[in-house]
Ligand code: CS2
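Given next, in structure tokens, is a single chain: the form predicted on its own.
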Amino acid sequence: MAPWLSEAGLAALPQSVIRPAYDRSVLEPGIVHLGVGNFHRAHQAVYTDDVLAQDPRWGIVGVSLRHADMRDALAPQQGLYALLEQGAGRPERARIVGSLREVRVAPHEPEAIVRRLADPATRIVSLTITEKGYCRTPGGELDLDDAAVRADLDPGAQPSTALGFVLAACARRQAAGLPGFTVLSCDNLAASGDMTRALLLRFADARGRAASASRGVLTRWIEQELAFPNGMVDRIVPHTTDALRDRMQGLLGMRDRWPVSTESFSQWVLEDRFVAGRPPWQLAGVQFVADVAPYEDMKLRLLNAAHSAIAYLGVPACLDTVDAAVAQPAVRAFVERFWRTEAIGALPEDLRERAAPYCQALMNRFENTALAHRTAQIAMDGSQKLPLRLLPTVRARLHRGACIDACALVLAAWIRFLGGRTESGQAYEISDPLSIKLRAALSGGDGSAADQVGAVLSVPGLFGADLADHAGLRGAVTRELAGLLRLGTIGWLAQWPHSGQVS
């Protein structure tokens, strides 16, 4: 049987496999990353791996906020794992990533993690915790009614949320007279740094009240000592499968408990605002810019919104992967029309010229059969994603009195998806932090398209009063949902598009 991947086995790897170009024994832990999943391991950890030969002070300590699976998989491999890049029409490329020094598990060792975060050697705290990990209300505020947030605010309690850990480290550094660090959100959120800063300050304020402490000291320290650069990240990273494990064993001649696959494309755009230094990521292709917003707008409204559309049309129709969905002419035509007729026109004017070639490149990425990017993975947490990905386009077009047929169809597809059954009657899981509220809303009426749309639009805070009460939007989504329920994804798309003005 093939041996497991390990530090001692690196020299035995085939010459075609890229391996760390630095001495891992001299790495220092300069980054603590909260939320060690496949995306981090295929994106930020790779950029860091590429520059550690120039500066070894930026090794990564990963923190799993919930489960021990990643630690248990990577600890016997000394944090090493294999990455397989699979580009459409390009040779696949295997490499070993060594930037992750260790993985810790938050529920098992919260005090050790706070100590690591509070250690002066930690100069960047990065996060990939998904939209729901920030514990926000549908309106974007810190959710003080969230059970985990309430627990973290209990005086003397060990933290469990990402923000709770960051705040605990801030309090410890402030008390010890130590300097701060940079908090680097790497999630699909508009103005992610500004948003994280606002949430952490609100958390600090609530913590001060819970402890009957001075409310201003820690808040002022955070304002003065921490940096929160905005950033945009882009790379398609599927879940790991047993088929990938078998493929990697064939390429490496070794077994890897948790390899990761990804596309060849990768992008990272950052504001260069770091209070305690940073790795020389520009050498690995990171773009440092004054304003990340244009890059965020392009990605959220074009890539991420299209991904959500594909997922919610695809899952009920048993189109299990993105490439399988866009191989359907009707689905592909809808996505391209969504971009061309609604999404691009709602972008800021200075972005529109760049949008058409960007969308063509996106479709090429969606067609990548090697990735097998599952629509069910993308469909998770729609209540957190759609307000960021789709609703800005809806609002911009309604403001102009422009057609929103395509946007309405995406919303209708999500509402149908929430029913939890495919067009052939098979049940599937709904993974969403608002799933209980959404199910309750959908279960209270007569089941008609109009009833379902009204129920979901009325979920408090999800759409905002401007959209929840908009008769034109409600009518457009109802029409699209009725069509999907009657004819299914492909049948309804075959009759598409409609024409109309909504005001």
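We number the residues from 1 along the sequence you see. In this text the structure is predicted, and so the values were computed from the model without any measurement.
Not on display, but discussed next: the form predicted in complex with the ligand.
### Task
Please check if Asp323 has a heavy atom lying within 4.5 Å of any heavy atom of the ligand in the model of the complex.
The answer is no: Asp323 has no heavy atom within 4.5 Å of the ligand.
### Query
Going by a heavy atom distance of 4.5 Å, is Gln384 a contact of the ligand in the model of the complex?
Answer no; every heavy atom of Gln384 is more than 4.5 Å from the ligand in the model of the complex.
### Query
Using 4.5 Å between non-hydrogen atoms, is Gln77 touching the ligand in the model of the complex?
Close contact is absent here: in the model of the complex, Gln77 is far from the ligand, nothing within 4.5 Å, heavy atoms only.
### Message
Taking any heavy atom pair closer than or equal to 4.5 Å as contact, tell me whether Arg301 reaches the ligand in the model of the complex.
### Response
Taking the distances in the model of the complex, the answer for Arg301 is no, it never comes within 4.5 Å of the ligand.
### Task
Answer with one of Ala370, Ile236, Leu142, Ala317: the residue that has a non-hydrogen atom within 4.5 Å of the ligand in the model of the complex.
Exactly one listed residue reaches within 4.5 Å, namely Ile236.
### Message
Can you pick out, from Gln377, Thr137, Gln287, Asn364, the residue that has a heavy atom within 4.5 Å of the ligand in the model of the complex?
### Response
Of the listed residues, the single hit is Gln377.
### Query
Quick one: in the model of the complex, does every one of Asn188, His307 and Arg389 get a heavy atom within 4.5 Å of the ligand?
Spot residues vs the ligand: full contact, yes.
#### Entry: Location of the ligand contact in the model of the complex, chosen stretch of 227-235, 393-401, 345-353, 146-154 [non-hydrogen atom, 4.5 Å]
Only one stretch qualifies here: 227-235.
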